[in-house]
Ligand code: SAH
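Next up: a single chain in structure tokens, the form predicted on its own.
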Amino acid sequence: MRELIDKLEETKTLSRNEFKKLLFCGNDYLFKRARSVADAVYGKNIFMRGLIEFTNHCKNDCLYCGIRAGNKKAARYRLSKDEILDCCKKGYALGFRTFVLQGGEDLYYTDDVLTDIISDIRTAYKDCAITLSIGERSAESYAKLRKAGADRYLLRHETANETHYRSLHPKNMSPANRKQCLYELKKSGYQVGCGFMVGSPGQTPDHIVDDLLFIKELQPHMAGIGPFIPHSDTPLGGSWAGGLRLTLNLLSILRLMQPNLLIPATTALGTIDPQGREHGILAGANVVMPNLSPISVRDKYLLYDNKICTGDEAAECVNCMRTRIKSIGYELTVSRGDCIF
């Protein structure tokens, strides 16, 4: 198996069958090589992003998501511009230099509403990066938000396989449109992030290889992958969660495929394993995303069950994260943490 790992590190790609062999290799050498590559590009720095979950309204009805339109048990909320700016103010004082505005596809937040918010954040925090994670929009909308001051955009493609995609999403959503949005975002000048769920219902090794090959084709700046975790109030609430080892293997594979990627050790990893985020960093991840959202709304933004850190103050979360990262030989860095091209 070492030969495959060395080949991937050298050539940045493998055949479909070789990728499938590597998915379940259970080889710590894979983690070692991925961590070495990450260290060579980014050193011992782990970049923190301030996550602001500003709305849990969503027009979509994805079968796996806790804030899907059809979940009548969800307690809906929206943050005002002043509340969002207050999150940024607290985050800046704690050392955050990237703010991630994440929400469902909420029709209330028109281009005008969003450009007003983004412009005010950009004016107040000129040395910070602004990341958006608000789903599928038009090319014109992406361009307007970019002009207003947004730097990055996260849009997980969820699965690159069309059949698998349609098994997880309503008929009005198209995998082709999802991918086209990512290409439009790159054209608009964003640093772009995609990603997928590991262990989602119906996923096969071939589907995962499709994801890897799509990421290789797209060449994003960021790639967010995490284990699928079911939400009890969704049609897929009775499904099994994704596994830790396969997720870690994939983090390492992505690092070897594209050494300069920004890869988060996700909250979902920490949810399925108490040391999940530390394991993620040691497998090649280099980003963490503590939550800056008001505590009063955190337990309402539940994409999946049992999400961790919903009751922690932001300062407490950052201090805890800094200590945990230091314990494995890395440093939580005060930096925008841009992708190194």
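Keep in mind the model is a prediction, meaning the values are calculated, not measured. One-based numbering along the sequence shown.
Just so it is clear, the following notes concern the form predicted in complex with S-adenosyl-L-homocysteine (SAH), a form of the same protein that is not shown.
The candidate spot formed by 47, 275 and 332 lies out of contact with S-adenosyl-L-homocysteine (SAH) in the predicted complex, as no residue has a heavy atom within 4.5 Å of it. Only one of the listed residues (185, 87, 155, 248) places a non-hydrogen atom within 4.5 angstroms of S-adenosyl-L-homocysteine (SAH) in the predicted complex, and that residue is 155.
Contact with S-adenosyl-L-homocysteine (SAH) in the predicted complex, defined as a heavy atom within 4.5 Å, holds for exactly one of 111, 162, 105, 233, namely 105. Note on the interface: of 24-32, 296-304, 310-318, 37-45, the segment with non-hydrogen atoms within 4.5 angstroms of S-adenosyl-L-homocysteine (SAH) in the predicted complex is 296-304. Residue 178 belongs to the set of residues with a heavy atom inside 4.5 Å of S-adenosyl-L-homocysteine (SAH) in the predicted complex. In the predicted complex, residue 133 approaches S-adenosyl-L-homocysteine (SAH) with a heavy atom inside 4.5 Å.
For residue 227, a non-hydrogen atom is located within 4.5 Å of S-adenosyl-L-homocysteine (SAH) in the predicted complex, even though that partner is not displayed. Remark: residue 197 counts among the residues lining S-adenosyl-L-homocysteine (SAH) in the predicted complex, judged by a heavy atom distance of 4.5 Å or less. Contacts between 41-79 and S-adenosyl-L-homocysteine (SAH), taken as any heavy atom within 4.5 Å in the predicted complex, involve 64, 65.
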